[in-house]
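First, one chain by itself in structure tokens, the form predicted alone.
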Amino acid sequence: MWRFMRDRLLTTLLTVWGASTLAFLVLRLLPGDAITNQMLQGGASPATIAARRAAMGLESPLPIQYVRFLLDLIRGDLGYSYLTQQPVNALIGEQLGATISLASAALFIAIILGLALGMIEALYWPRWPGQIASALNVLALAAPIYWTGTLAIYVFSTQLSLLPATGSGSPIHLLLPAGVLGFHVAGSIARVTRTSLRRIQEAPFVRTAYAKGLRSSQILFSHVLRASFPPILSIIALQTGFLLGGTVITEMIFVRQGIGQLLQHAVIDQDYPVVLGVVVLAAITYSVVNTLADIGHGLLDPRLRLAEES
């Protein structure tokens, strides 16, 4: 277990380093930044802009900037916003709660809906319940989130007046965006659930259980679902890691506060420290979630745990 945790910690550090380094280089190679744009709009002269950039270390050679960035990152210091001069840690902290609420609600909906649709398609195909579940899976995977989000606003807010179309702060404002985002994440979970269930249903131990006269429900819940769950857990972890990208679009559509709105404005304003801070947060989230999924694999399948320990 200690070797497993050591390897996962090393993987997490390499993931954060790789993602932050790539983002740092890409952002530095792009023309312009928030300081230059802001001072140009204020009518500052090129000399004044150059002096301000030099005072903030932006005129230093790229390797020196990179080393400073890494040293600050090791200390947990993500720097200051070029636009507001506020610490990036504080800016992210102010918006993190709203994004966690949206992502958690969406993930809960996605797991319940994805497992249900996958099981229905696997168990009832080609009858009509399985065909309906298959159609919903295809829709969740194929339709862009901005299309389903706009459609949901039109149906549930404009036509039926059941749910608010925009805003945040109360649970009712969370229902529509969480439902839209959860529906999209559910498509991948349903597809893997269907495939895993079909594969396990054809396994010899399942046929043996039927031959012993066990009830179908007992075989399904005691044998098939448990054996099918490791790949399902993997896709849930993968979708959780990518959920931050979905919240960006969802928060834009539903005009919600959160990391998505913060990232959108930072990209438009070329506020690179904020963009880098969000990238680091996403890398850490992805690594931690996948580490927890690997631990869950070991608990569900003792063979994986023994392989890690050997």
Partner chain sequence: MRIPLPDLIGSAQRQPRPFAVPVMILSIVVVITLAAPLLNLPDPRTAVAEAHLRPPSLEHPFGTDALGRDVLSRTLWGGQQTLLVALLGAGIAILPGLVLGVMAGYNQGWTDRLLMAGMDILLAFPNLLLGLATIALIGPGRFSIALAVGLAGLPAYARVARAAVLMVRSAPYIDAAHAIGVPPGQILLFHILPNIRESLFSFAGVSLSWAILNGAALAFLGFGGDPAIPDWGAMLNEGRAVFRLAPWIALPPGIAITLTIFAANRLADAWQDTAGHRI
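Numbering follows the first chain given and starts at 1. Just so you know, these numbers come straight off a predicted model, no measurement behind them.
Same protein, other form: the form predicted in complex with the partner chain, not shown, and the subject of what follows.
Engineer: Here the chain is shown alone; which of 47, 62, 54, 30 has a heavy atom within 4.5 Å of the partner chain in the predicted complex?
Structural biologist: Contact with the partner chain in the predicted complex is made by 30 alone.
Engineer: Using a 4.5 Å heavy atom cut-off, which residue among 107, 78, 113, 220 comes into contact with the partner chain in the predicted complex?
Structural biologist: Exactly one listed residue reaches within 4.5 Å, namely 220.
Engineer: Residue-level question: is residue 242 within 4.5 Å of the partner chain in the predicted complex, judged on heavy atoms?
Structural biologist: Residue 242: yes, in contact with the partner chain in the predicted complex.
Engineer: Do residue 67 and the partner chain come within 4.5 Å of each other in the predicted complex, heavy atoms counted?
Structural biologist: Taking the distances in the predicted complex, the answer for residue 67 is no, it never comes within 4.5 Å of the partner chain.
Engineer: Quick one: does residue 231 come within 4.5 Å of the partner chain in the predicted complex, counting heavy atoms only?
Structural biologist: It does: once the partner chain is placed as it appears in the predicted complex, residue 231 has a heavy atom within 4.5 Å of it.
Engineer: Is residue 139 near the partner chain? Define near as a heavy atom within 4.5 Å, in the predicted complex.
Structural biologist: Yes, contact at 4.5 Å.
Engineer: Which residues, if any, of 104-135 lie within 4.5 Å of the partner chain in the predicted complex when only heavy atoms count?
Structural biologist: In sequence order, 121, 122, 123, 124, 125, 126, 127, 128, 129, 134 come within 4.5 Å of the partner.
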